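First, one chain by itself in structure tokens, the form predicted on its own.
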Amino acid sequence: MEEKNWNTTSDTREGDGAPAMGRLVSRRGFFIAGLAAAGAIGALGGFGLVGCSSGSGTESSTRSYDIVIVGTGGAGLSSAISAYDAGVTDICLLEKMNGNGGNTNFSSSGMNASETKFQKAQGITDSNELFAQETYDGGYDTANRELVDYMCDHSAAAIDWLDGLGITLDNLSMTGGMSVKRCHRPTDGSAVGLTLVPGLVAQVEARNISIKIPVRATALLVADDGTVTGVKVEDGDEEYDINAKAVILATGGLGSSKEMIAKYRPDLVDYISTNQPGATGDGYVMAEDIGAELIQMDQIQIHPTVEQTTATLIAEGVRGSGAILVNSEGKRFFDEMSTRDKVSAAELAQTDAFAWEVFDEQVYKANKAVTSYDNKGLVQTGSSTVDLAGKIGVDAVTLQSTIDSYNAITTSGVADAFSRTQGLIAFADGKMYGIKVAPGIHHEMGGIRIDTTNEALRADGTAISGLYAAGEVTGGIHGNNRIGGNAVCDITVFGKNVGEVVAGSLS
């Protein structure tokens, strides 16, 4: 696959010790545009910068907090809020980029959860056991079943917790690998990250929790007995230590580090990445340097629907609402609601290794994110199927036949030749849309070995005192394949959990 013009390296810092906003925007112009579309910039000053503090030059050479959290994505923000509400108020969040949220800003599908009040209100029958089994099956039985069960059993409580914070996810949809509508999205169907990040940042700000930005953690401080006692940081031209009774790593993945991708999956090194430039694997390195075990690091997920010129991930909810994938001949070729690894492999087997994601006005209106894709010029629009065929360069008769066959599954009960059973609709006459997609690097499923207390573990299973981890930096929850919608569940459930666990240990 041709590498696009996206300079991802293992060090994203400028000469002043922090990545300049100009670089962030040039690589991911839609980072700001997406937040603006969601109304987040006006409310929070862009990426939640209101009230954020810098550690530069105004404090003593050593700082101390009860808890230091490295990373302000969904896991880091959740852990700060839950720890504070559990009674520990002396908390510091560190963020190396010029904006909060990390990859969570780009979370698009939603948050999977089972037995929720929103499912029950809509008459959807689900169970934690089914959610856990489908998650485990989706990861090919390679995940840590204890972690999977914990995530699923606590997912409904996490939905309630978010709702109590003013982050309501009551719009339900499907994702590949799930048999029940359990993917929870914002009410208006917008991308979940653009609701989650501003909402969590607002809650952090309301609690006056310190955020040092841009300040980069470079190493963990360790006492003679092996206990983690803080972090070393770079803050502009200054370097200093921050002492802590506990450190929570919530540093995200490695999708923007060519060096680490080459180390763990050299076959993917030329793939475009959906990750923000700060996803360079810092947490893996810091944890491994002091003896934490990294597991399943070769399990780097590629996502099947990535627009290749901008690295924009096309939300799985678009397929879950009814969209289909067609090849350059205008033919469907696979079950669009299968797991991401299988759909990606099927795309790569097509001529020129791409597909058109095709959908009608119903799907367009059901997914607010499509408007943002359209505004970026990524969507081809036709007044009819024939018109769209001309614009995307496929045979009109073939495309119409493909759509007729697809519609018949819903209207006439015809069995799908590709065995798709979920997210089926009949396309209506009128406008039709297409987005050109191909696979791209999306998520590191391996990472720091943890248990259900989020403690970082050594290879012998013993915990590293004082060190905890949550979110994409951890491994074992997803196994060899992550189900769409499970990452937000992961960061919320385990982010909330680690804050409460650490607060309890300090009380």
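Numbering starts at 1 and follows the sequence shown. Computed from a prediction, not measured in an experiment: that's the story for all the values here.
If you look for the form predicted in complex with ligand ADP, you will not find it shown, but the lines that follow are about it.
Participant: Name the stretch: of 387-395, 280-288, 128-136, 422-430, exactly one has residues whose heavy atoms fall within 4.5 Å of ligand ADP in the predicted bound form.
Facilitator: Contact criterion met by 280-288 only.
Participant: Just to be sure I understand the contacts: of 344, 276, 108, 301, which is the one whose heavy atoms reach within 4.5 angstroms of ligand ADP in the predicted bound form?
Facilitator: In short, 276.
Participant: Using heavy atoms only and a 4.5 Å cut-off, determine which of 173, 103, 372, 190 is in contact with ligand ADP in the predicted bound form.
Facilitator: That would be 103.
Participant: Are any of the heavy atoms in residue 216 no more than 4.5 Å from a heavy atom of ligand ADP in the predicted bound form?
Facilitator: Yes - in the predicted bound form, heavy atoms of residue 216 and ligand ADP come within 4.5 Å of each other.
Participant: Residue 156: heavy atom within 4.5 Å of ligand ADP in the predicted bound form?
Facilitator: No, residue 156 stays farther than 4.5 Å from ligand ADP in the predicted bound form.
Participant: Would you classify residue 204 as touching ligand ADP in the predicted bound form, given a 4.5 Å non-hydrogen atom cut-off?
Facilitator: No, residue 204 is distant from the partner.
Participant: Quick check on residue 250: any heavy atom within 4.5 Å of ligand ADP in the predicted bound form?
Facilitator: Yes - in the predicted bound form, heavy atoms of residue 250 and ligand ADP come within 4.5 Å of each other.
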